[in-house]
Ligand SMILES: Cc1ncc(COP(=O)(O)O)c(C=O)c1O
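Next comes just one chain, in structure tokens: the form predicted on its own.
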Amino acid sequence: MKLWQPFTQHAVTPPPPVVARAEGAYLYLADGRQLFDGISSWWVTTHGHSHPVIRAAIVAQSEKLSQTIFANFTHDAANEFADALSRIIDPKFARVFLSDSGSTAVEVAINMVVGTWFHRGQPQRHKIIAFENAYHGDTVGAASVGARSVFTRHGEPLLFEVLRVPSPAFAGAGSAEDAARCLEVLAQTLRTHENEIAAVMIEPLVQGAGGMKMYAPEILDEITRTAHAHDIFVVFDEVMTGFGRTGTMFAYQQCRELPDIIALAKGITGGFLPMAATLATQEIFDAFYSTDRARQLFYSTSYTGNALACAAAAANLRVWREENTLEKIAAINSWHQKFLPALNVQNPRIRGTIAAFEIGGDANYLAGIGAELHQFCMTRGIFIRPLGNTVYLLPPYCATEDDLKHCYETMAEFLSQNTLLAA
């Protein structure tokens, strides 16, 4: 039996190399090559591969408890993670529901907001406002609130309808016109459908898989404020933006207006194990709290609250406390600011540790130039995975200035050999 790789067209993609091990910011291949991990292995590896503190926590936990059903029990690793998270998250978020991935964290959020209105006697309030270019995952509910695109084309008959509004960052880095149009349509949609809407779902500050599109915290504040003025819940999908990617521990910390639910995953265990968390207010929890068993939140996965993952997540937060991670993030941001302006590219943009731009035209996920750049970088010891012709760097926090310099010099070399791509 052969593997079927995700997000891969096997007819035009070379056989994948074998990763034998990984350490720090590097992947080591079975054929002897080493690659700088320029995208943190799909954005999950934060402090670096095989971080000793997180690795040791998983080993220690495995000697006590690896897995138990979470519906009837809890355990020390889950309690330790919840306690550690409560010390760094805003107290507005009183409850945390654990699951397995970014998609399930979003599914939980959808169930929470729709269920809250149902239990309040307003079942007609089940619609979600979502944004153009959004991506929230690949399960049916998460895909429904994501943008309709080549990602969802084959399965669109399965997806539920949402109320779609323009992205605040429609034109790459975003503009005043984009933001104004977004807010105008959002306000109109809220007025027209107020009694049907359960929540607004948005990726805060950066739309990731939709093209690393960025917008200002002030715009996000206005989106949240407008929704709350209509008594509509707001969900921040921080699956990608959480754990330092936008420059702060969480993207919401750059805002004045807080959401009602936050979905977390990816960097939650430092890149070691699958895990997710959906954070909710006490108000939302109370909608399900009852002597009536039928009012409970009917959602789980078999590995919800997995003890090994919880131990890794707790250790990840311990590393954050002990290793000056925000200083490392600030350094990466400064290196992006230093090197990116020298590239002759379209829509250069930076937010935290993320740098992105387009080559060869407007954003196009199916553009072949991304695969060409990927292969070129592989020959230079760098692993990146462009979103079509949207190129981005999102390195682990242990990356050095020399690592980033090499990435930018390599991309400059590629562009110099492909002069038609110049901005």
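Residues carry their position along the shown sequence, with the first being 1. Source: prediction; values computed, not measured.
Just so it is clear, the following notes concern the form predicted together with the ligand, a form of the same protein that is not shown.
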Using heavy atoms and a 4.5 Å limit, would one call residue 224 a contact residue for the ligand in the predicted bound form?
no
Mark residue 43 yes when one of its heavy atoms lies within 4.5 Å of a heavy atom of the ligand in the predicted bound form, and no otherwise.
yes
Should residue 103 be classed as touching the ligand in the predicted bound form when contacts are defined as heavy atoms within 4.5 Å?
yes
Would you classify residue 266 as touching the ligand in the predicted bound form, given a 4.5 Å non-hydrogen atom cut-off?
yes
Listed range touching the ligand, judged in the predicted bound form by heavy atoms within 4.5 Å, from 341-349, 83-91, 132-140, 117-125:
132-140
The ligand in the predicted bound form has a heavy atom of only one listed residue within 4.5 Å, and of 145, 240, 309, 199 that residue is 240
Can you name the residues of 193-231 that have a heavy atom within 4.5 Å of the ligand in the predicted bound form?
203
